[in-house]
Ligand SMILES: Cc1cc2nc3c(=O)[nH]c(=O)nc-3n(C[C@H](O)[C@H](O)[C@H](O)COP(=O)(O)OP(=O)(O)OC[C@H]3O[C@@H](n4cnc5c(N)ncnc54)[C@H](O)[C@@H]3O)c2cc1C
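Encoded as structure tokens, the following chain is the form predicted alone, with no partner shown.
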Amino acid sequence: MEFLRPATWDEALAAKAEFPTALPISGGTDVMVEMNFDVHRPSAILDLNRITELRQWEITDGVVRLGASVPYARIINELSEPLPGLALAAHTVGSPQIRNRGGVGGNLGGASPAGDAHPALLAAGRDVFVEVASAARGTRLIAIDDFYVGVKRNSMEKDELILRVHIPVADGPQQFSKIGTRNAMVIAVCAFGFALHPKNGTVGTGIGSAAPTPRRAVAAEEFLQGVLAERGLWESGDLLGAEVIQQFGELVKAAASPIDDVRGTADYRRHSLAVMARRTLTWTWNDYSKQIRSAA
């Protein structure tokens, strides 16, 4: 097995071009587990730990440019205000040791439907982009909705690496909910991300671990957006009503296509998603209503 350890981003891209089957590693929280259990034996390992750009973040023009290897612990400590949904999801990732090593780039590269970052990234809006690069073709942005193409498959080319993720700064409340077989250090049975985007009058959803890929509940988004606009609720912050919350949960439930596995049944996942959708909608709308009343 080849071990490649570039010192710069350009060196990393050159190494990936020369060894396109090389497996990138930074935190190693997923990769090393698979290697230890002999699930994956790559021909080469591409160690990205010396690439400083991957561990940096900045906010430019209302967008967080999040380096692929910024650890979850730093997202929690440094970005909970601009990225509240992702910070909440980061709280649920593994143990403190895992949160100090793992980052969003690993979740995206692995593209597991159970990855905790995916629902939050989808809910953050359709202006979320994954920035990838290759030595031959340079840099390109992949919309988050186009990134996931199959079970543990993404739309990157073999010679590309993830540099950063572009995520709009939150302009409304966001939430994340996750069901597991225990309270901590657990792979999601299912997960749900939700966000209110009052500036453009939209809502965002993200379903995890209940379909072949992370996905939105599009019908649920369109339903709720219609209710909020037609009733003038963005301006008033008035109560949604039990029937709206119930219908939203049912539409989220219908958007999933889960399977039975060792962590839970398909029926349990659907039921859980409906409950989580109702709860996260209630929590975020309560927060939004308080903001409206305070502003008045």
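Quick caveat: nothing in here was measured; it's all calculated off a predicted structure. Numbering starts at 1 and runs along the sequence shown.
The same protein also has a form predicted in complex with this ligand, omitted here; what follows describes it.
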| item | value |
| --- | --- |
| Contact of Ile25 with this ligand in the predicted bound form (heavy atom, 4.5 Å) | yes |
| Gly110: touches this ligand in the predicted bound form, heavy atom cutoff 4.5 angstroms | yes |
| Exercise: Asp30 in contact with this ligand in the predicted bound form, heavy atom 4.5 Å | yes |
| 4.5 angstroms heavy atom contact with this ligand in the predicted bound form for Val93 | yes |
| Listed residue (Ala135, Leu141, Val169, Val186) with a non-hydrogen atom within 4.5 angstroms of this ligand in the predicted bound form | Val186 |
| Residue (of Gly85, Gly106, Gly204, Pro214) lying close to this ligand in the predicted bound form, criterion heavy atoms within 4.5 Å | Gly106 |
| Segment that reaches this ligand in the predicted bound form - one of 121-129, 192-200, 85-93, 219-227, heavy atoms within 4.5 Å | 85-93 |
| Within 4.5 Å of this ligand in the predicted bound form, all of Leu48, Ala68 and Ala114 (non-hydrogen atom) | yes |
| Contacts with this ligand in the predicted bound form, stretch 134-167 (heavy atom within 4.5 Å) | Met156, Leu161, Ile162 |
